[in-house]
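Starting off, we have a lone chain in the form predicted alone, written out as structure tokens.
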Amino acid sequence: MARVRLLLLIYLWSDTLQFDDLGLDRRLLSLIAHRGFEQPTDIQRQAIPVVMAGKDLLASSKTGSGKTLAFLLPAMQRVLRSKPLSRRDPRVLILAPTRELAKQVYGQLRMLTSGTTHKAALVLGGENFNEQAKVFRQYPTFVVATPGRLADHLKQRNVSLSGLEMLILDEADRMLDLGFKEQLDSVNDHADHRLRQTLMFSATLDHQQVTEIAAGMLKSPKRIAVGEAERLHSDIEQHFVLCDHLDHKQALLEHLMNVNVHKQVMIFTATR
């Protein structure tokens, strides 16, 4: 009975946990308060203490759950509170599957690094390779990158990961679905030392390739799953419309656009 009460107290305490309770640096708390974040989300409550304890993490949470701050805040904490393993190599590397997601992560990271001496670099495919090589020579503390372009820079020896302290894979399942396993293996090999901490975030922990790559990249990771991966978003309404042929589909689409008021519409097609 005493154990049940203890577990209940722990649950109630974690459910009301505030950013002040997480042991974050006062500079981070000031930035969080300035941005209007009043209390951590579920993924932040559960993940931040694990990461700050230095453990590897395998986590899943749905879009909009606040997972970006769940890894950026403890990464900033580490950079602010500890000495670097290397003064020339990046301390934190964040990989994202797409340019759009990488830009979003970089935007939040810049908010946290403002007012500090720590530089952040954004390295994306499709942009000037030589200019990116120059950025690496400025020794950024943080690098946010897409895996293909970072692997290219590793091949050209434009960047070293020998002193990397944290490797963060955001939406690892999408990176694997897009065929980036070889590039992720390359990053893992270049930063293969016992002091590296690895965080892996995925939409689901039931993804076979995620399970396989996690086994090779993470050391006794803590597993966190927030929300049900299979559960639909409550604010999404879905309709299935049957069509007889292509002309009928076109007519139905035009009808739906005319009878409903939409602020934004996205249409996916089979070809360009």
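Predicted model, so just to flag it, every value in this text is computed and none were measured. Don't overthink the numbering: it's just position in the shown sequence, from 1.
Keep in mind the form predicted in complex with a small molecule is missing from the figure; the text below concerns it.
Heavy atoms within 4.5 Å of the small molecule in the predicted complex: does His207 have any?
Close contact is absent here: in the predicted complex, His207 is far from the small molecule, nothing within 4.5 Å, heavy atoms only.
Does the small molecule come within 4.5 Å of any heavy atom of Ala59 in the predicted complex?
Looking in the predicted complex, residue contacts with the small molecule do not include Ala59, since no heavy atom lies within 4.5 Å.
Is Pro49 close enough to the small molecule in the predicted complex to count, meaning some heavy atom within 4.5 Å?
Taking the distances in the predicted complex, the answer for Pro49 is no, it never comes within 4.5 Å of the small molecule.
Decide whether Arg35 counts as a contact residue for the small molecule in the predicted complex under a heavy atom distance cut-off of 4.5 Å.
Within the cut-off, so yes.
Candidate stretches 22-30, 59-67, 210-218, 237-245, one within 4.5 Å of the small molecule in the predicted complex by heavy atom
Result of the contact check: 59-67.
Taking the small molecule in the predicted complex as the reference, which of Ser186, Thr98, Gln108, Thr116 has a non-hydrogen atom within 4.5 Å?
For this set of options, the contacting one is Gln108.
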